[in-house]
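One chain comes next, on its own, written out as structure tokens in the form predicted on its own.
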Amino acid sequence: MAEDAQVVITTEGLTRSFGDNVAVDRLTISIRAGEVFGFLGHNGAGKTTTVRMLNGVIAPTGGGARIFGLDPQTDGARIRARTGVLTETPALDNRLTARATLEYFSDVYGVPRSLRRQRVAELLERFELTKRADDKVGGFSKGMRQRLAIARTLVNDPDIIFLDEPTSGLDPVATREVHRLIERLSHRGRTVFLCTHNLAEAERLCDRVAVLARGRVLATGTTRELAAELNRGHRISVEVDTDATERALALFTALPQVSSAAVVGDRAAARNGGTLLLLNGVARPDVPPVIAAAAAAGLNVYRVEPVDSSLEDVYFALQGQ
């Protein structure tokens, strides 16, 4: 994704309250074309409400948004003509076939009749539903239903695709298929707004993420950027003898180059009679003196490795956990 890519979604203080409950609290974000943007938070964090406001389905109670430069409150229909939305629990009519489902939504989205048959055929092929195209949806597996729901989301060839927990409840094979689809959409220049609480999924797929709690964005950026802001960007793991664990912890914790130290699980170290320690706040130039201090204290150090913060580390640190 190019740094100078066109901005297609902006919000400024976007807020939505339901009575005394503030579902979305002063949301301010900016998303570029072709970006896979992760919107991360627990259930009830405000993800679905945000998607509904961005598509002009419900109005905000404060602030505003622009999609393609348009205001969702006044230009909702024009925006929805260029977006696709997969809800967390997409409704499909069990009485319709896969082909009829796509034809119906092609009509809803105003896909020209001259393109409709080809578009439907292409989507059935892309989602490996051609052989079951004329079977009723009621007999489909959950993975097949989800593939059809995503295909339905793409009938109007949208520029922005909103996906709300697209792999929830899917088996590993179906999940991998959805991940590959998201990657292909991004490579084709489509913008993907991915609402999820699956942190491993977000780390794999997203260019940037916004972490939410109680309707408010806690931080926005790449995993590396967020880790650096939290001072979690410099960490190393050190393996020492198990019987020296407490002594090593005391030594490393006392060093000025180390902000904190803790024991972490590592099966390989345990099998070898060792313990793995995680040292936080150790910048690259400080690694040699830290290890030299351990050697001077008579500690046996068997391996030293840099440790990148995961999105899970960052997420729970932001959530105060």
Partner chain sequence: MNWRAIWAIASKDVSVALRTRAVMLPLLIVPLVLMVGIPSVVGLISGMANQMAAAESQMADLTRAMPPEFASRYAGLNDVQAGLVYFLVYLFAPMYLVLPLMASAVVAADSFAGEKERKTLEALVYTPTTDRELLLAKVLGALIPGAMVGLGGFVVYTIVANLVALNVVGMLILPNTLWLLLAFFVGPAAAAFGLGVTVIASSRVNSFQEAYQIGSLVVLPIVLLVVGQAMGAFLLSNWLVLLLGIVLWAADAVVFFIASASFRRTALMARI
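What you see is a predicted model, and the numbers here were worked out from it, not measured in a lab. Residue numbers count along the first chain shown, from 1.
Same protein, other form: the form predicted in complex with its partner chain, not shown, and the subject of what follows.
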query: 4.5 Å heavy atom contact, Gly34 to its partner chain in the model of the complex; finding: no
query: Touches its partner chain in the model of the complex: Ala121 (any heavy atom, 4.5 Å); finding: no
query: Distance check, Leu218 to its partner chain in the model of the complex, heavy atom within 4.5 Å; finding: no
query: Contact flag, Gly169 vs its partner chain in the model of the complex, heavy atom cut 4.5 Å; finding: no
query: Contact residue in the model of the complex, from Ala296, Val264, Ala59, Ala270 (heavy atom within 4.5 Å of its partner chain); finding: Ala59
query: Contact assignment for its partner chain in the model of the complex, among His234, Arg190, Arg208, Arg152, heavy atom within 4.5 Å; finding: Arg152
query: Contact segment among 210-218, 170-178, 196-204, 113-121, judged by heavy atoms lying within 4.5 Å of its partner chain in the model of the complex; finding: 113-121
query: Heavy atom of each of Val287, Ala292 and Tyr302 within 4.5 Å of its partner chain in the model of the complex; finding: no
query: Heavy atom contacts to its partner chain in the model of the complex at 4.5 Å, residues of 188-202 in sequence order; finding: none
